[in-house]
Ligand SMILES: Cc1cc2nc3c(=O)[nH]c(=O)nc-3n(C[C@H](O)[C@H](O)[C@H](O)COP(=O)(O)OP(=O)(O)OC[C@H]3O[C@@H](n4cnc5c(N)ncnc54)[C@H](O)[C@@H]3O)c2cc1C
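First comes one chain, alone, set out as structure tokens in the form predicted alone.
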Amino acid sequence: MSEYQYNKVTPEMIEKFKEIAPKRVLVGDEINEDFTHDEMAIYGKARPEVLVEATSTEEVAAIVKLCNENKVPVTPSGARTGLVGGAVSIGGGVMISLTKMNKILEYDKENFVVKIQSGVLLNDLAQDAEKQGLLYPPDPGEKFATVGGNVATNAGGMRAVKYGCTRDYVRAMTVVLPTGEIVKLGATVSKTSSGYSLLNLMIGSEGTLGIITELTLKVIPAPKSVISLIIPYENLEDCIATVPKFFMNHLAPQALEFMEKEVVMDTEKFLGKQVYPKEMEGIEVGAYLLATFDGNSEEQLEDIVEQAAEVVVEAGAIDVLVADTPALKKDAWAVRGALLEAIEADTVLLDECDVVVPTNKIAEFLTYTKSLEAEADFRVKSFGHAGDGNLHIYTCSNDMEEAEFKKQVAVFMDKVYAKATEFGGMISGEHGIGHGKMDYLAESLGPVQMRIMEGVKEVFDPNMILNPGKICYKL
């Protein structure tokens, strides 16, 4: 497969694209630099030959059909907030942008679903659902990603510990296959045993099996009360060790995040606000848990908070701070939401991994990861979803040569991913594989699973035109 040859876009094809999408076809230098890379620029840049801004499923289908007939590669593109090079046109060809397909189409409140185009931003869907008295539970950190992109990577986010990942809220979708055929997968039902689940196969496929154009998503009644707790610890080990105790004591946090002190301080400086205590009762804080609970009444939450406070203090927390006002809760989560943005703003060279390990292995895994910092010339910063074991680990440098940085990071990542696999974890919890993490996936899963995935790719995409060079198919 690696020797597959693609054709270049011809002038005749460009004219046909302009007929399909009038005034929404850009060529060569007309294409903005933003479309040459995603948010993790370390994985390189590549300019597509043509960018088409689609506005309907039929337009996407017509473009893909033409490309398939001419064996020209196609890269689907959302808000370009990915972190593994998944939306980079490394094969050239045509990029289809879905950001203009951003309509919230309708709510079905009797069946608790909402139908949207895949280019709707997560932030816009969350706010619109709230106005309807509803909650769309998936809550990835990047609020201005497209929901279609979230589905393509099965994004998890903050509330996954209680409500599950994006996959758990996809009821149905409209997809354009690499052949240009349009299929509707799933239905507005809560259960099915109707053959292979092509719907679930498409979720998390990162635009390699089809282009998602419309989605029917499950929503739930919005909780009536929400409260957050800032829980400081002297060290990260005690912080992480508390996590299982939430569940053993029948507490069900909506979100449970961990943060190291250093990354919190950097983010507060970046935001120009101080929210988290640096010292309490004469003890220097080393790490924090940020926990959120939701319920049907303030009285119910008061009982939960009281019980949670007893549990965490007994487990080694220095104290518990209740973010019981909208402003304080907003500020506490603003810091958590800006952690990556702050790291990016203060870092010249950056790489990351989002491994997921069993929750009882989080502390040991992070201790191991931090120990590797002594062997390298870069800094290691981490935070993540303590409740589900999805950890975001960043390698950061401001003074290394890029070639040396990549060389050292490769050694670091080899060790980190190997340890995650040893602990029974996986390469990615929500960011995906793209083309940046393919070798690590192959090493973790082994040849049999990779062969099966390659076979699935071949069935969906016989000409290998759709987002080539990603997940399991190397260029």
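Residue positions are given as counts along the sequence shown, with the first one as 1. Quantities reported herein were computed from a predicted structural model and do not represent experimental measurements.
The protein also exists as the form predicted together with this ligand; that form is not presented, and the subsequent description refers to it.
*Asks:* Determine which one of 280-288, 180-188, 155-163, 398-406 lies within 4.5 Å of this ligand in the model of the complex, judging by heavy atom distances; exactly one does.
*Replies:* Result for this chain: 155-163.
*Asks:* Only one of Gly389, Pro137, Pro140, Gly93 comes within 4.5 Å of this ligand in the model of the complex by heavy atoms, so just point that one out.
*Replies:* If I apply the 4.5 Å criterion carefully, the residue I get is Pro140.
*Asks:* Of Gly148, Pro73, Pro232, Pro253, which residue is found within 4.5 angstroms of this ligand in the model of the complex when only non-hydrogen atoms are counted?
*Replies:* That would be Gly148.
*Asks:* Taking Glu39, Leu83 and Gly210 together, does each of them reach this ligand in the model of the complex with some heavy atom inside 4.5 Å?
*Replies:* Looking in the model of the complex, the three residues Glu39, Leu83 and Gly210 all sit within 4.5 Å of this ligand (heavy atoms).
*Asks:* Is Ile343 a contact residue for this ligand in the model of the complex, using a 4.5 Å heavy atom cut-off?
*Replies:* No.
*Asks:* Would you please decide whether Asp351 lies within 4.5 angstroms of this ligand in the model of the complex, comparing each non-hydrogen atom pair?
*Replies:* It does not: once this ligand is placed as it appears in the model of the complex, Asp351 has no heavy atom within 4.5 Å of it.
*Asks:* Answer with yes or no whether His385 is in contact with this ligand in the model of the complex, where contact means some heavy atom within 4.5 Å.
*Replies:* Yes - in the model of the complex, heavy atoms of His385 and this ligand come within 4.5 Å of each other.
*Asks:* How about Ala79: is it within 4.5 Å of this ligand in the model of the complex, going by heavy atoms?
*Replies:* Judged by the heavy-atom cut-off of 4.5 Å, Ala79 is in contact with this ligand in the model of the complex.
*Asks:* Mind listing which residues of 218-234 have a heavy atom within 4.5 Å of this ligand in the model of the complex?
*Replies:* Counting only heavy atoms within 4.5 Å of this ligand in the model of the complex, no residue of 218-234 makes contact.
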